[in-house]
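Just one chain follows, in the form predicted alone, and it is written as structure tokens.
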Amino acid sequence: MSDPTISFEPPRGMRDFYPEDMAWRNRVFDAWRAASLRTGFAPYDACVVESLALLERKAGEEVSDQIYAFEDKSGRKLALRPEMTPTLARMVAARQGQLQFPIKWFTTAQCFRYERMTRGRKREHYQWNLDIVGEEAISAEAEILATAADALSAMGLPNNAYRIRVNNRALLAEVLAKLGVADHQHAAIFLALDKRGKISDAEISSLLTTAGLDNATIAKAFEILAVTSLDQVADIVGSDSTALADLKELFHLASLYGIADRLLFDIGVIRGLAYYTGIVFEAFDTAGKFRAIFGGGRYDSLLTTIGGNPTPAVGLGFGDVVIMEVLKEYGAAENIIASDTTIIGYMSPEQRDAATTLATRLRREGRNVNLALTPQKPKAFFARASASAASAVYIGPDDVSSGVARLKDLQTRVETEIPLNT
């Protein structure tokens, strides 16, 4: 009798991955890793449990309330990491005198946040992190965005299915200053405007009022969102703006990488975390049905906040939850379960040895082979094969006698001979 206190579902906000789910996950993870290695990023990893003090130092306005925190048996205050960047900063700071900069690192990390769940947001997710540390040039931003675009292409997402929206927080600060908004009011405006699209404009106005801004300043904050081009920005801040020049340089480099068609200037892209210092970016599906696919930007001050030496850095965080929904929406991963596996079956016990020998030989040649462990009738075998493999070999008594079986491509239905006795 089952125990009514035990649920067969995972804890709220967490996920199980059955084989069909793993097929989707592997499509994403494999693309992340291949794109990273193709552009020269080195893999790293770290413990999933971090010091609570480290995470709170960097967490920012909202994340600190979402951390899964606990004390161990010695009273140490620890937490499950909500993101990877603080850990990266800690690791770099620990060996800052030994590393050769710039470094290009990547990882796929499991992260945990206790937050309100919506479509595309869980309390546990995997996140691909790309970071370039120790490089001031805008080529670092371009390299990261090109790598992300490469990964999306490898997953099968069409180029016209998404857009990467870019801005520069330093440029936005210049615009606010030119409009007469005091420096100490910028942080509140950044935080409020970052919520646009998530809450109503009336709620944003209320947040700004609570932060101490008067109606005239609030009006200027919303006025900024009417700016849609770099030329309009230049009219406000002047053409000699370094922050404006950085954005123009990014668009130039994007054209060299062949991804300029996917980049858009959007002054409303702010990124809520306060540690971003320069160019920021977020990618969305073109139709606007989903949350951000990925986001990131320059964070030149992070290492100093945890006691490291001043070091420029650019990073990207790309979660697995939203992109899986986007891929399914755009039909970018059809027949994903079939992969490149060959399944081998046999009619009766007398053919078991031949099937086992063939499977062993193909595996040694580097093929993925799923060997049936007991005899099956042809109809049952091919029904299973069609749902789980790309090709199939079914061995009967005549095949053993002739020493030749048939390898069937389950997509094209074409059959080729394959020897059993080689």
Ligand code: HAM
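Don't overthink the numbering: it's just position in the shown sequence, from 1. From a predicted model like this one, the values you see are computed outputs, not experimental measurements.
The protein also exists as the form predicted in complex with this ligand; that form is not presented, and the subsequent description refers to it.
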query: Residue contact check: residue 294 to this ligand in the model of the complex, 4.5 Å heavy atom; finding: yes
query: This ligand contact in the model of the complex: residue 115, any heavy atom under 4.5 Å; finding: yes
query: Partner proximity in the model of the complex: residue 217 to this ligand, non-hydrogen atom cutoff 4.5 Å; finding: no
query: Exercise: residue 85 in contact with this ligand in the model of the complex, heavy atom 4.5 Å; finding: yes
query: Listed range touching this ligand, judged in the model of the complex by heavy atoms within 4.5 Å, from 89-97, 251-259, 237-245, 119-127; finding: 119-127
query: Site test, 41, 102 and 135 vs this ligand in the model of the complex, non-hydrogen atom cutoff 4.5 Å; finding: no
query: Interface residue in the model of the complex among 275, 290, 190, 330, criterion: non-hydrogen atom within 4.5 angstroms of this ligand; finding: 275
query: Proximity to this ligand in the model of the complex, single hit among 321, 227, 208, 161 (heavy atom within 4.5 Å); finding: 321
query: Sequence-ordered residues of 373-409 touching this ligand in the model of the complex, heavy atom within 4.5 Å; finding: none
